[in-house]
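Shown next as structure tokens: one chain only, the form predicted alone.
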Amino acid sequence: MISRKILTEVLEKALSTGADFAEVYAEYTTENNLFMVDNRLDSITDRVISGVGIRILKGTRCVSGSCTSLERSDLLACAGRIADALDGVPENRSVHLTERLFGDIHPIRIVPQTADTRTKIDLLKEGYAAARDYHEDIAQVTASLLSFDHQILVANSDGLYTQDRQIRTRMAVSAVASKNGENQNGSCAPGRRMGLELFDLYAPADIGREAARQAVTMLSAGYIKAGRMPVAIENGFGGVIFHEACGHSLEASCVSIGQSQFCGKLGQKIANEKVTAIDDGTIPNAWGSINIDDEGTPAQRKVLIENGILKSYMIDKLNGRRMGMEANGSSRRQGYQWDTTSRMTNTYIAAGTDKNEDIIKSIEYGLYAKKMGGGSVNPATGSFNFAVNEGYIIRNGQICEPVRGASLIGKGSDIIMDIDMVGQNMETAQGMCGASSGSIPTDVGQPLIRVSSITVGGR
């Protein structure tokens, strides 16, 4: 995207007023989105994002800026404006860039951007039709097929020069079931860091049917009575609770400024001994995987909690300086206009040894949360509130009738202490995580788990 000669000039300009570190992040991203509604292809949208972010550090002070132009003069002008913010003593530091190749563990077989549009439309129609035809109560279906090709270049004053290409594909189907004036929603949206070979793993018809099944099932559900009770939370997107209520509190962006419930607790027990939690950006073709983070640090597998003991945080360069710790491949950003910071990749509770049937049998009366929904959390306190999109009453160790309107209310530091059974069927699910550095693709995951007691909101 940009020659090493120009990058060297830009970095040296950015360092010229006394910064001790300078970085250039360049991006070229193409996105393609097909959308169906009302039994027809509604739109095909293409978008191109191109630009450069420049950042300097002096100790724990950070100054950054961006520009859309890749021209030498514009890049130097942007670097000059950023350098001027320090108002330091002019220096003549030299930068020597050396290219580094960290490899690619995410093979792509069918690049979406070069695939035939008709092929993509047929895949989308297959998912849409399966949801629409699932049941007579299905009133509306929407479906989308999103692919994006995200190319980045990172160069810094330590001499790093490296690049990465991230191709991701995702299909999302949403269905509305309607009867007697009531509506219920269902959705399914698998994705991977791969091309159209995604559909070798997930048949579009299966995606559509799953979305419709959820909507139809919940249409006939009653309401759950609120109260404290044991809850079994299913695998896959059930991991969103750990991601939101605990994961963000383990990011250095919170820890370094004292706004985390887990500050200063390395080496201490913070969870039940059955809980091991991992953030792993190295899983081949996983939705949240990276070869390098957005500072050019190679992806890592980080054990955050091991048998209940806090082992590590997710750390970027700036917050690592504040904490006196090394960055560990956790710096991510939506794009060149966002300041990078510590973020998750693929974050999950590891599989345990409990049998799934034993988890259900252990609950005399409680809730089986089969599909979790969205919610809110305060990273400083860990307090959260999450909707249960598909839930069932557990009675006498058996999964019984479906219930709607359930929510899980609690605190992250409490819930991970109260996870007292961990199943063996770990799976992940895909999401877009929004935070200070924008919206990024992340995986959440876990096996079936039991929380011994938690507040369930309802009627």
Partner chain sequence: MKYNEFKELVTAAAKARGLEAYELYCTESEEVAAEVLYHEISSFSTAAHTGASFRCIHEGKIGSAATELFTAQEAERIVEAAMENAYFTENTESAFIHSSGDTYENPDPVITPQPSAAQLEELALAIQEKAYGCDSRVADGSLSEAAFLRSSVSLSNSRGLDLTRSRAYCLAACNPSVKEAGELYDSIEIKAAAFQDLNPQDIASKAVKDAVSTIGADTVESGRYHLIFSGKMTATLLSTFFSAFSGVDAQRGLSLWGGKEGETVAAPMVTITDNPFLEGSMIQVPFDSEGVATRCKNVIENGRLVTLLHNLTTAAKAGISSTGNGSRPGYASAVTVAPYNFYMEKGGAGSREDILREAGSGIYITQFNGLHAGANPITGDFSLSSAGFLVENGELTRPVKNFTISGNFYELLKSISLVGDDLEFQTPKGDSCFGAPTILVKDMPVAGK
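The shown structure was predicted, so the numbers you read here are calculated from the model rather than taken from an experiment. Positions refer to the first chain, counted from 1.
Note that the form predicted in complex with the partner chain isn't included here; everything after this is about it.
For the three marked residues, I49, S64 and V176, a heavy atom of each sits within 4.5 Å of the partner chain in the model of the complex. Only one of I278, I283, A85, A351 comes within 4.5 Å of the partner chain in the model of the complex through a heavy atom, and that residue is A85. Residue contact check for G258: one or more of its heavy atoms lie within 4.5 Å of the partner chain in the model of the complex. In the model of the complex, the partner chain lies within 4.5 Å of some heavy atom of G405. Although the partner is absent here, K274 sits far enough away that none of its heavy atoms falls within 4.5 Å of the partner chain in the model of the complex. Looking at S289, you'd find every heavy atom of it more than 4.5 angstroms from the partner chain in the model of the complex. With the partner omitted here, the stretch from 355-363, 381-389, 300-308, 342-350 that lies within 4.5 Å of the partner chain by heavy atoms in the model of the complex is 381-389.
Residues of 332-346 lying near the partner chain in the model of the complex, listed in sequence order, are Y336, Q337, D339, the criterion being any heavy atom within 4.5 Å.
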